[in-house]
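To begin, one chain is listed below as structure tokens, in the form predicted alone.
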Amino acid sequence: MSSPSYSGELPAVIAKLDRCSELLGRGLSWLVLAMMLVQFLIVVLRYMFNVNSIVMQESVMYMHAVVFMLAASYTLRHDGHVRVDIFYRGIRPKRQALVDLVGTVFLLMPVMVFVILTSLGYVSSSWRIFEGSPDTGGIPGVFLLKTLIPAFAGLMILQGLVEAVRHWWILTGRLVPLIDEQEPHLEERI
């Protein structure tokens, strides 16, 4: 995913949050490689040597959860989320910024606050008992896995704040989106 280009700069604190999201996403991308290698090793060990490891199997699930939950803000930063793009692609950048700002403030933020509020009891009860794997010999860290839920929502709120400021600055003319000449329109790809 390429990062959108703009003329102008975001406020320093917002730009720093944006860079943190970028670094987190790039760092987490290495977990995909690790996950692939561990999964390959699981298959080789099982089918060539008849060896089965619950810890290795669960580690793939943990890595997948970490990538999926914590890299969602990176995906939002790069506008890689699912969008029903019937009208959006044909409107001007300022109108796109307005649609994105309204969606961020009235949809993304409230849903993420709801996720945090509804997950706190679930996560805290898991921490209270240091919930572990239901499988014998599994990873004793289910409580850490469940902690990814509010962490995901918190990161999405932070990136949502960055995006809201970015869209507001586009609307007010302090930031101008640069059109990428390399990116062909959907009609030209077909």
Partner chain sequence: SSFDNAAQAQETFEWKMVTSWPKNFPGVGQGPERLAELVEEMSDGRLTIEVFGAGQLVPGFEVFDAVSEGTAELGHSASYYWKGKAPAAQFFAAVPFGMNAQEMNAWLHYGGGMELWNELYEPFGVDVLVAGASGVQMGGWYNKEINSVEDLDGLKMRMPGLGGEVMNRMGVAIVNMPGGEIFTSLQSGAIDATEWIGPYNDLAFGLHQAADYYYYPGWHEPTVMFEALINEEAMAALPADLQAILKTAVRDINASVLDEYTARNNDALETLLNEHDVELRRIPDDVLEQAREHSEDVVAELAESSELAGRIHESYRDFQNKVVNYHAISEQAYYNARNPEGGTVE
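Numbering follows the first chain given and starts at 1. All values reported here derive from a predicted model rather than from experimental measurement.
The same protein also exists as the form predicted together with the partner chain; that form is not shown, yet it is the one meant from here on.
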| item | value |
| --- | --- |
| The partner chain contact at Trp127 in the predicted bound form, heavy atom, 4.5 Å | no |
| Residue contact check: Gly154 to the partner chain in the predicted bound form, 4.5 Å heavy atom | no |
| Contacts with the partner chain in the predicted bound form, stretch 128-165 (heavy atom within 4.5 Å) | Arg128, Ile129, Glu131, Gly132, Ser133, Pro134, Asp135, Thr136, Lys146 |
